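The chain below stands alone, shown as C-alpha cells; this is the form predicted alone.
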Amino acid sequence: MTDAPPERDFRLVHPAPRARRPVVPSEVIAMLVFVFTEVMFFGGLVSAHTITRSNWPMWPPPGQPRLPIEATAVNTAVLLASAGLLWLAGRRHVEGRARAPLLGAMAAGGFFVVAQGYEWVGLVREGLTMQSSTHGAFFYLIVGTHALHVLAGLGVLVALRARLAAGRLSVDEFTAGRIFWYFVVVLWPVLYWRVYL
C-alpha cells in the first residue's frame, strides 16, 4: 500500500473572492443604454424636422396657427423645476426624507402633461392637426412622442414612490429612475427650441 500525499487546502493560499459591488450598477447601465437609444430616436425626428423646415421659404407655413410660445415657456420652467425636486429627493433618500420632493416632482410633471394637453386642444380648435400641414404633422409627432415619454416617466416616478412607501427602494433603482426623468426633462428645452421657436 502506497502512502498518498496529504490533501492540500488551497483555500488558505487562494481565499474565496469577496463579493464586490459593481462600479456601475446594472440598473443604471440598462437605463443609460435605453436613454442613449432614445437620444438617437429623437435625434432622427429633429433632423427630419430641420431638413423639412429648411426647404420651406417660411416656417411655419402661411395659414397655420401660431404656437403658444409664452405659455409653453412657463410650462418648460415647471418641468425643469420637477427635475430640481427629483434631485432634492435623491439627496434626501439616504436620510429617509425623499417623500415630499418626490411628490412635488410628480405634481410638476403632471402639471406639464395637463398644460400640454390643454395647449393641444386649443391648437386643434385653431386648425392645426396631423393632416393640416407638414408643420402640424411634425409638431404632433415630436411633441406627442415626448408627451408619451413624460407619461412613462410619471409611471416610473409612481413606481419609485410606491417602493419608497414600502421601504424597498434601493439607491440603484432610484438612480435609474431619476436618469430617465432627467432625460425627459433635459430633452424638452431642446424640442421647445427646435419646434416652437
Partner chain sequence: MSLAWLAPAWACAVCGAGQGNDQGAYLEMSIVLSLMPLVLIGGVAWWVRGQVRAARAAAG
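Since this is a predicted model, take the numbers as computed values, not measurements. Residue numbers count along the first chain shown, from 1.
Omitted from view is the form predicted together with its partner chain, to which the following refers.
In the model of the complex, at least one heavy atom of I51 sits within 4.5 Å of its partner chain.
The closest non-hydrogen atom of G63 lies beyond 4.5 Å of its partner chain in the model of the complex. Though the partner is left out of this view, A165 does not reach within 4.5 Å of its partner chain in the model of the complex, counting heavy atoms only. Proximity of V39 to its partner chain in the model of the complex: non-hydrogen atoms within 4.5 Å are present.
Among the residues A152, A159, V171, L32, the one placing a heavy atom within 4.5 Å of its partner chain in the model of the complex is L32.
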